[in-house]
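Take a look at this single chain in structure tokens; it is the form predicted on its own.
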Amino acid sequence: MSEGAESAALAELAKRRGFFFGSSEAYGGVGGFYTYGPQGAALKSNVEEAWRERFAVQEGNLEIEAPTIMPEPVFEASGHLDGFDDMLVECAECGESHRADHLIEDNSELEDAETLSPEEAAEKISDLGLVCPNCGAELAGQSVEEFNLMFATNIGPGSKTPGYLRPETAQGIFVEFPRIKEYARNSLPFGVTQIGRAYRNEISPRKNIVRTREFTQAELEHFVDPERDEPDLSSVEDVEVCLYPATEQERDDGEYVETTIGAAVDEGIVANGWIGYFLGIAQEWYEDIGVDMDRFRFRQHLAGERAHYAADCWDAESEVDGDWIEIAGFAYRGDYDLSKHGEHADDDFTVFQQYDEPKTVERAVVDPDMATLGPEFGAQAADVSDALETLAQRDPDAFDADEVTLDVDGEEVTVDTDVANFSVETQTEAGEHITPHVVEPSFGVDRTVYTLLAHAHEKDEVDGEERTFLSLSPTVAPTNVGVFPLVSNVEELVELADDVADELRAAGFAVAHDDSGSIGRRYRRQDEVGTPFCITIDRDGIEGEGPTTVTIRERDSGRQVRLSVSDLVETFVGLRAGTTSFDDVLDANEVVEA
């Protein structure tokens, strides 16, 4: 399939079969917003549940659900107000806005244009002779501006309480850390997960549900003591991964590194053990839900694209239509987030870590004479006192002089040393307050759904006719099984089909009951939406003295097997969980030649 054709074919299938389509199309629609239809909503829900099972339940992590709108001070502390920008270039002729780095990447071999400064991007646009995709006017000479991606709103009437729709789910976890740590009994390490909506006012949404203005994230914030906590890599050390390190990306002949998680961490390719641990879990999870591992890699961020707070960052990327798209990010964020909220908020964002044995330490302390500071500094007296305490901890030798100089809210003030009442005390401490570091695996649910659809979208030929089908994993397929009476005018077959469908639904399976058209057409309809198995109720199964039987057809191969109705639920439980293969079912039962 030619480049671009895969995305077009997938978009057509998605709309026709109810996976996803542009939102509000009755009113002309608006870019970057999509509605999931019945098939897509079920697929997306199954992906979310599979992620929750692996990253929350199996890892023993907590889960929360925070609001999608948060007050402005949250984003002042996090840095989103000042630094959450993309590069925008506006056409002077038609007024259409475009994302500058995307224009450059689409028209050159440069893959990381987002690392350019606005001035460098404008120069590149001129050098490449780029034109407006909307009207064809030249963009050379147009300035490139930074555009903040957050949606602004007001909380309550008027404009006294500005807020923003969250651009990521992570801040909801960080803001609530003082309370969540109590639920975790102040015991590091612990993880907190959240699956929910996030919003970014993208300049140029594109490629269906890959880049949208409203999307779903599944994020894990794993809090660790950097001095004490090390991951146990034994469960993932042998997991094989395809890595694309920054060093290889910077070489003209750079290559992928095929290795294991254990070797990658030992050799320093993945510098942080926690990152390696979550890469290993993610590799296995993506394979389990049906991502094509031949079209999957982990790519390390180059220095210029890595967030300022991230010591290291890797992206999980999938190949779709000739392009590599980011579907998850794995970042070591250090203590940046909790420290920032600790500076701005009125709460404690540290955890008390008890020592194995009490320690005797010397501490520099001050006991400022407020009777002197009050009259001299007035309303600033408390801030001066705080500044003296900070200086004592940072540079106790400064108090050897007759006076010390302090920075108080940007103003330089001088205080006599004897007013500070500086001393060094011997103290016995049972532990210390530390600001945990954060390891963040962040998954794009919509992009994962798109990847699964693209990688599962296949064509073959059956009985001389071309067949389109989605080879979706039973774990995430929107419908688990189709149930068909072979013909719809035989009452016994219809009644048994109803009973089988009801029994499977009662056991928790999503069932499609279809008696319209030829059996072949009904198979094709289910193949095209990715239903892994179809049950056919025929006369052979209800006649005779033996147990009532039905046939089960497997989607990808078209193979069929006859099975007792009494064994259906148990069989499908195993098939959906992956503990039973269809080959196992074939070996244990009568094979049907279709």
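It should be emphasised that the depicted structure is a prediction, and the values quoted were computed from it without experimental measurement. Residue indices: 1-based, along the sequence shown.
Keep in mind that the form predicted together with a small molecule is missing from the display, and what follows is about it.
Student: Just give me the single entry in Trp324, Tyr256, Tyr309, Phe509 that has a non-hydrogen atom within 4.5 angstroms of the small molecule in the predicted complex.
Tutor: Selected residue: Tyr309.
Student: So the small molecule isn't shown here. In the predicted complex, which residue out of Ser78, Ser318, Gln217, Ser385 has a non-hydrogen atom within 4.5 Å of it?
Tutor: Selected residue: Gln217.
Student: The small molecule isn't shown here, but in the predicted complex, which of 256 to 264, 208 to 216, 124 to 132, 235 to 243 has heavy atoms within 4.5 Å of it?
Tutor: Selected stretch: 208 to 216.
Student: Might Ala328 be said to contact the small molecule in the predicted complex, defining contact as any heavy atom within 4.5 Å?
Tutor: Flag for Ala328 set to yes.
Student: Counting only non-hydrogen atoms and a 4.5 angstroms cut-off, does Gly444 reach the small molecule in the predicted complex?
Tutor: Heavy-atom contact with the small molecule at 4.5 Å: present for Gly444.
Student: With a 4.5 Å heavy atom cut-off, would you call Asp101 a contact of the small molecule in the predicted complex?
Tutor: Asp101: no, not in contact with the small molecule in the predicted complex.
Student: Report whether the minimum heavy atom distance between Arg333 and the small molecule in the predicted complex is within 4.5 Å.
Tutor: Result yes; Arg333 sits at the interface with the small molecule in the predicted complex.
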